[in-house]
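Presented as structure tokens, the chain that follows is alone, the form predicted alone.
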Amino acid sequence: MSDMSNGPIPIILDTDGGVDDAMAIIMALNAPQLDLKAITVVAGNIEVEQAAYNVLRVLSIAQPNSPPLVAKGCERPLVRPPFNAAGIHGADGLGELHRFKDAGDTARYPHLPLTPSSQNAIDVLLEAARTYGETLTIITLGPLTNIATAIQRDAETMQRVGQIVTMGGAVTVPGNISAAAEFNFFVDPDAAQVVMESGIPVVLVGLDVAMKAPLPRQAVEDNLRRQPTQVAQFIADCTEIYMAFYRDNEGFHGCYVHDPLAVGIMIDRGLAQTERVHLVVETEGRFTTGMSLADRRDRRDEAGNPPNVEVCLDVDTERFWPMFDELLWQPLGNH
């Protein structure tokens, strides 16, 4: 487990406001090992304004005692045009919550009169790096545009960060948005490559492990019946379209918990089997844009290309699921 001898670990979550992001945020809020200082928001699953609103929606449902700062960041990738996943996560990025009604035909999720901080996400990241230094972990759940922008603005300050745990990439398995690439790296491969070569310690939680953690629809519905909390209802609602996508396209009625797994591995590194490798991200490929290419040869060049990333290649799901259940479904605001 994470070392709590000096108290909870300060973290920043960088998110693009999708469905599995919502579950990851709730887990991080409820984990006693983590002190969630801020949530920075980036365009990815959905455009950045909607993504920030989605984060505020999650916080309104989770109701933590000390809500973290929410700050908007980059509206588009470093170089490329925007590309989103509204077809998978719903038009609002969060399962189209406007569809749901309660008794008397009242909206279950009425409009929130909330706005994010006036601070920019890049400023928040740099300020956190200066304040917390090597004790800070940044967990990224979306494209790496915010992190790369902060590095480009002030690399020396960002290099004080203890580690970046990134949900992204696919090293030994196929991509999910193309044959070669995982979605987050595909959306902004240029940013991913900036982060990989930044000198900041990176732990890569990619499709190699995410595809080994399927959450069945039945488990979500069973849990809602057992403990019909506001959080359980929200999880059931926001995952409906997301899980239907997998049912219709992959024959599995459920979803993969990419982002929650990144939070879980941050809390308990022993969940994952890892390998240190030199990894680059393809930024110019005709067919391979966003591909995460790890040098796993026996005769790798560790002098010229030293390992820069710790890649998660396997995960102990028997240890992960009890953590997931405890941190997601239990009533929040206890920490």
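One rule holds for the numbers: they count along the sequence shown, beginning at 1. Just so we're clear, the structure is a prediction, and the values are computed from it rather than from any experiment.
Another form, the form predicted in complex with alpha-D-ribofuranose (RIB), is not on view; read the next lines as being about it.
**Student:** From the list 191, 170, 167, 125, which entry has a heavy atom within 4.5 Å of alpha-D-ribofuranose (RIB) in the predicted complex?
**Tutor:** Of the candidates 191, 170, 167, 125, 167 is the one lying within 4.5 Å of alpha-D-ribofuranose (RIB) in the predicted complex.
**Student:** Would you check, heavy atoms only and a 4.5 Å threshold, whether residue 141 touches alpha-D-ribofuranose (RIB) in the predicted complex?
**Tutor:** Yes.
**Student:** Although the partner isn't part of this model, could you tell me whether residue 157 comes within 4.5 Å of alpha-D-ribofuranose (RIB) in the predicted complex, counting any heavy atom of the residue?
**Tutor:** Contact with alpha-D-ribofuranose (RIB), no.
**Student:** Looking at the partner-bound form in the predicted complex, is residue 292 within 4.5 Å of alpha-D-ribofuranose (RIB) by any heavy atom?
**Tutor:** Contact check for residue 292: no, nothing within 4.5 Å of alpha-D-ribofuranose (RIB) in the predicted complex.
**Student:** Closest heavy atom of residue 176 to alpha-D-ribofuranose (RIB) in the predicted complex, within 4.5 Å or not?
**Tutor:** So residue 176 counts as contacting alpha-D-ribofuranose (RIB).
**Student:** Please pick out the stretch from 218 to 226, 256 to 264, 231 to 239, 126 to 134 that is in contact with alpha-D-ribofuranose (RIB) in the predicted complex, where contact means heavy atoms within 4.5 Å.
**Tutor:** That would be stretch 256 to 264.
**Student:** For the heavy atom contacts within 4.5 Å of alpha-D-ribofuranose (RIB) in the predicted complex, list the residues of 72 to 99 involved, in sequence order.
**Tutor:** Stretch hits: a single one, 89.
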